[in-house]
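Only one chain is given next, in structure tokens, and it is the form predicted alone.
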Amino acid sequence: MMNRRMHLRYGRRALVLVAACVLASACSTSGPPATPLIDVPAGFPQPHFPEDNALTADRIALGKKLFYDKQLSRTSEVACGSCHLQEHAFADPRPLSIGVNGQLGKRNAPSLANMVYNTSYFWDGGVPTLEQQAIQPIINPLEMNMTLGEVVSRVSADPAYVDMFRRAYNSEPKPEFVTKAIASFVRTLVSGRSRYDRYQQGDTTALTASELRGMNIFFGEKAECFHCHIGFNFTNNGYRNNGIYATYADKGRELITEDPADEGKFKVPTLRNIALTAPYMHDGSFETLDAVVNHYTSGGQQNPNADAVIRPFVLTPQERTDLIAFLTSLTDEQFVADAKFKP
């Protein structure tokens, strides 16, 4: 009788353990691994996520739906995806974006590629997190001109949205979860599979002779591009005055720090997919890469805050062609065509 009771007791425990393993999917030693939520390119560091907004598939799906939903704007004519177009590496091909009622914004909408690695956001570094970044376009009267409360009211009327919020955050729609979800989707926009990357990984045929010469110019002391555009993401995440103007109407970083030494300083952008993200600079004032090269070789405008690295230098016509060819090699064709980022 005792043995029978022991067998029953251990049998029940075994059944409980098996059930727990099945529910947690933790005891299987076979089968394909789960698809990663972010496919981190070779040579890239593992991204970090906020403790209060861990990345999940449900949060990404909700954020993607919100990112492309025009009802987040007052007139239902503008979405986040209206100014951040995948074919342009999630940048805007217009110098200034167009918001509700045809209003023009004040700065160029930059690429959203690799935002998960940024340490601050906006051209002036006004906010430290993607969750906070997601708020500004929604409430800006020149962009979407909404309140987060009004956004919540609209999405709450859609049962599909309500279900997605429950699955993503175990909650009814709330303002904080709107911005957290959008941030979750943006964090998945990782780009690092250009021909340049293939060359770095050992494919010696990935770059042309012209692109290789341009790479040497880029990383050499003649052009000195690498001082600001450095590392796996081609940015030092700093702020520089690059002498676009003698006097800046947009004060840039000074608006945040209130330090006159920061007048005209703007965030150093990534150069990844740079051939797709024209026009360039914080105000979209340069239409082509050739115009950008012209600016830097000229040494820029005389401005007291201009960075010391901005100085005149000379490129031969062939060197200019080679440098631009190298910049084009930073295009990630897979990223701009990836179906998982499409509406």
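Nothing here was measured: the structure is a model prediction, and the numbers come from that model. One-based numbering along the sequence shown.
Another form, the form predicted in complex with heme C, is not on view; read the next lines as being about it.
Student: Would all three of 84, 307 and 313 be in contact with heme C in the predicted bound form, where contact means some heavy atom lies within 4.5 Å?
Tutor: Yes: 84, 307 and 313 each sit within 4.5 Å of heme C in the predicted bound form.
Student: Though heme C is not shown, can you say which of 161, 196, 177, 123 has a heavy atom within 4.5 Å of it in the predicted bound form?
Tutor: For this set of options, the contacting one is 123.
Student: Out of 74, 251, 107, 154, which one falls within 4.5 Å of heme C in the predicted bound form, going by heavy atoms?
Tutor: Partner contact (heavy atom, 4.5 Å) among the options: 107.
Student: Is there any non-hydrogen atom of residue 99 lying within 4.5 Å of heme C in the predicted bound form?
Tutor: It does: once heme C is placed as it appears in the predicted bound form, residue 99 has a heavy atom within 4.5 Å of it.
Student: Quick one: is residue 191 in contact with heme C in the predicted bound form, heavy atoms, 4.5 Å cut-off?
Tutor: Taking the distances in the predicted bound form, the answer for residue 191 is no, it never comes within 4.5 Å of heme C.
Student: Is there a non-hydrogen atom of residue 269 within 4.5 angstroms of a non-hydrogen atom of heme C in the predicted bound form?
Tutor: Heavy-atom contact with heme C at 4.5 Å: present for residue 269.
Student: Is the gap between residue 146 and heme C in the predicted bound form 4.5 Å or less for some heavy atom pair?
Tutor: Residue 146: no contact with heme C in the predicted bound form.
Student: If contact means any heavy atom within 4.5 Å, which of 146 to 154, 164 to 172, 269 to 277, 200 to 208 contacts heme C in the predicted bound form?
Tutor: It is 269 to 277 that comes within 4.5 Å of the partner.
Student: Let me know which residues along 47 to 86 have a heavy atom within 4.5 Å of heme C in the predicted bound form, or say none if there are none.
Tutor: Heavy-atom contacts within 4.5 Å come from 67, 78, 79, 80, 83, 84.
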